[in-house]
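Taking the form predicted alone, here's one chain by itself in C-alpha cells.
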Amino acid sequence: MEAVSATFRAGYVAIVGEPNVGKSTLLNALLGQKISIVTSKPQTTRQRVLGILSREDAQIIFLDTPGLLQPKYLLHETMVRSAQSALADADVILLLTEAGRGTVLPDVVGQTLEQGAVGKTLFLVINKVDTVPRDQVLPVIAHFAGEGKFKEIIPISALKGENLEDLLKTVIREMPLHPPLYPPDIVSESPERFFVAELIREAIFEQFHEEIPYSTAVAITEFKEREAGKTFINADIVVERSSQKGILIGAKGAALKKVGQSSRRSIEQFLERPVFLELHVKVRERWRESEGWLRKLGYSAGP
C-alpha cells in the first residue's frame, strides 16, 4: 500500500438546500458518474446518499441530502432528520441555492443551519448561474456576502460543469489533514440493492405526475447474482391506495411495463451486467405516516 502524504486531506461534506436546487446533479457531476437519482420534480431524494471522491491530494466524502421542507408526513420528518444527521457528520457544509431564487432563504433552511451548522465551515453555492443573466447573479452574491454567514460564496452550474474545480479546491482547503477514510476504488458505501431501488423510483418519477411518485416506495425483495445469465431482481412498488395501484399498472399492465423497461435499462447500465427485473405493486395504506412501514422500507423514523 502506498504511503499517504502528510498533507493529504480527508473529510465529510454535506450538500444541503431546498428541494430541486440541484444537489443530486452536483454530487453526480463532482463524482463524474451517476449515483444519486435526478428528476425535474422536487423531493426526489429521500435519504442521504454518500459519494466518495478520491484524488491524489484528498478524499472527499459527499453527503447528498433530501431537500429541506416543512414536513407534511412522517416521511418528510425522516427526510429532514436525514439532512440534520449529515450536518452533524460534516466537516464542511455546502448550502446550495439557485441563481433564480434571489436572496430569500426559506425559514426551514435557516432553522436547520442554526441547529446544525454551528462551528462548521459553511459555504454558499449558487447553482444554475447559466440560467440567468450575469448581472442578476452579482447582486445575490453581494447580498449574501454582506450577511457574513458564509466563509465563501461560489457560483456554479452543476449541469454544465462550470466552476466545479474551483469549488473542489475551496472545499479541499477546509478538509482536515487525515489519511483516506475509504479505499480509493469505491464511490459509495451503499449496497447495489439501494441503487437499484432508487433507479426504479426515478423511472416512476419520470413517468407519472402529481401524487403518484410521492406516494410510492420501492422494496427489493430478491436480488440474485448468477454466474451465467442475467441477475434476477424482484421489487415491490408500494403505494397508499388501490386507485394509485391501478394507475401505476395501467391498462393491461402497459404503464408498469414501461416503468420496468426504463428502470431495467438504467439498472443494467449501473450494474454493467444484464438484468431480469420483475415488478409488483402492493398497497400499504398511509405508509408515509407509519413508523413501522417507514422502517421496513428503509426510512428510519428514529432520532
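All residue numbers refer to positions in the sequence shown, first residue = 1. Nothing here was measured: the structure is a model prediction, and the numbers come from that model.
Quick note: we don't show the form predicted together with a small molecule, though the next part is all about it.
Checked against the small molecule in the predicted bound form, the residues 50, 256, 38, 277 give one hit for a heavy atom within 4.5 Å, which is 38. Among 13, 294, 10, 21, the residue placing a heavy atom within 4.5 Å of the small molecule in the predicted bound form is 21. Per the 4.5 Å heavy atom criterion, the small molecule in the predicted bound form is contacted by stretch 151-159, the sole one of 215-223, 151-159, 113-121, 184-192. Although the partner is absent from this view, residue 130 contacts the small molecule in the predicted bound form, with a non-hydrogen atom inside 4.5 angstroms. Contact annotation: residue 43 falls within 4.5 Å of the small molecule in the predicted bound form, judged by heavy atom distances. The small molecule in the predicted bound form comes within 4.5 Å of no heavy atom belonging to residue 290.
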